[in-house]
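So this one's two forms of a single chain, laid out as structure tokens and tagged structure 1 and structure 2.
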Structure 1
Amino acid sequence: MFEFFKNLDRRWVFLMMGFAVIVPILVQVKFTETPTNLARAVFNEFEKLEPGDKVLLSFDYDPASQGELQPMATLFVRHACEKKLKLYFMALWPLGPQMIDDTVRNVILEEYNEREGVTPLVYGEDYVNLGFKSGAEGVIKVVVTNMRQLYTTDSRGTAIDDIPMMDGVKNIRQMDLMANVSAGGGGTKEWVQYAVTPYPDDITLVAGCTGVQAPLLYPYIPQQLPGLLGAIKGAAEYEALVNEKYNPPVPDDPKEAAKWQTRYERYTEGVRRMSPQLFGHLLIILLIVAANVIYFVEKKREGSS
């Protein structure tokens, strides 16, 4: 038995991890999240804005990190919609425009615009997708001074001058807030270095990033980066804040409650994904402890022999 664990085939580890992730998803275990100051800071930056204020959303990620980043992208858009802000989307990653399309479809078209008593958001008047431009920091350096130098059309090919909400928009310094969802190079770090640092008084940036990237962004908090959502944990905390403020109470009528569930379930992805993460982390701790027990037993045996 000891030998089995000592030389444990990694496929057993894979299997255990598979169960640790799949079971909580199937059972739909959910835990309440307590927001930390970083998530509160992101929430507060949005809350400070007034209806009609401009927010730039740069979606710098691709399908590979969608699992980790999509919940926060969804929440940024939802929060902006609830605050009735003007949404300007752009992307520094080639597959970013697809991420924008997915999020717009999921939040604006399928949920927000379908609500009763809400004025539907109109493309070009309330939100616009400026699409992808290659060059990462090169793009940032240009858009902070003259957006139209790079963006002559939106992602659909419509001329910028024909888009009502672009009238008078010259550069991103005119935005009241910038929210970035970043999976790595050509993302939050570059936005901080090339947009916020040269224009600290004009650009306020909040971001959501992958877990592995978060430690590299902590040095910028709070001066250059007032708020940061680190991985799913950050998304779940922000989700708790947004849902608490903007979700209407669950109706008593079971039919209406089911509708409510369908409508607002899309905004619980962060919390939903935290339970597999919890069990995954616990398994890793268990494996480390087990490996160390084996290590010490073996050492003791070697010592006694």
Structure 2
Amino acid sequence: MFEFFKNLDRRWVFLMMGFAVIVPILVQVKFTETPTNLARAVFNEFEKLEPGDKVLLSFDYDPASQGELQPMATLFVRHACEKKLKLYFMALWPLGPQMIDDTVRNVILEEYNEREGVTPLVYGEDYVNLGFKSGAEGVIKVVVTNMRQLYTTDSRGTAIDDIPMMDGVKNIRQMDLMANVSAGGGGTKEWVQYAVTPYPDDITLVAGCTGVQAPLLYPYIPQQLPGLLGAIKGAAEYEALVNEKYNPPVPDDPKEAAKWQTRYERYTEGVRRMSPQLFGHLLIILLIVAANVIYFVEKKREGSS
């Protein structure tokens, strides 16, 4: 048995990792999330706002990071909708507008606007997509003083002056909250450095980022960055908070329960994606432990021979 594990073909390792990821997805294993203070801080910043307050959402990521970041983006928009906030979308990444359109369609058009008893959100009055502008920190330096200097139209080509919710909006310092979803350079770090730091009394920023980026942002907590969602774990914690408050009870009727599941399962992607990650990490830890055991056993044998 020792020799078998010592000479284990790496293809078996790949196969085990495949099973560790696929099985929890097929079985739909989910675990209860206990939100950390950072996730609660993000949640609380949204909860402080009143209906009609302005929120700037900058989607600075692309499909390559969608697995980690899309659940955060979805919940930011869902939370803003539940609070009846005005949503101003923009992007510092070229494919950011695509991420915005997908999220708006999934959350606003296909879910929120289809609910009974709610007033549907109207483009130009309740939410607007300002689109992508190149320049990263250069864009930030402009929008904190005069965004109309850079944004003359929205992503659809409509003149800014013809969009009702842009009336009176000159710069992002007029926003009541800013939420950023970031995959790297041209994202949260730049927003902190070029927007929050020069105007700490005017701009409040919360963010969600990839796992590798999170440690670089910890030094900004809590002064410049009161709340941060790190990778899929942070998204799952934030989901737990939002869903606990805003998801209605599951209906007793099986047909209505099925409709409920279809409608609200889109807000559990973070929790769902945590399971394969958990089992994958456990497998890696077991393999590391096994490799060390094999190493020390072999060293002991060599010493006794």
Partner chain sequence: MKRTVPLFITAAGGFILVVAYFIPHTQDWGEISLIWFDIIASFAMILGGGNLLKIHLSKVSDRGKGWAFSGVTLAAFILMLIIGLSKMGVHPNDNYPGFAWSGNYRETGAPFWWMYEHALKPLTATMFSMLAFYIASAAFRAFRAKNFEAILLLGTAFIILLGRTAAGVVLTGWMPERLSGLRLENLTIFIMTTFNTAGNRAIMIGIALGIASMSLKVLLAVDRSYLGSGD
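Remember, it's a predicted structure, so these values are computed and weren't measured experimentally. Numbers follow structure 1, counted from its first residue as 1. Between two forms, the rigid core is the largest collection of C-alphas that superpose within 1.5 Å.
Only structure 2 matches the form predicted on its own. After superposition on the rigid core, the Cα of Ile25 moves by less than 2 Å between the two structures.
Val13: CA moves 2 Å or more between the two structures after rigid-core fitting. Once you line up the core between the two structures, the Cα of Val297 ends up 2 Å or more from where it was.
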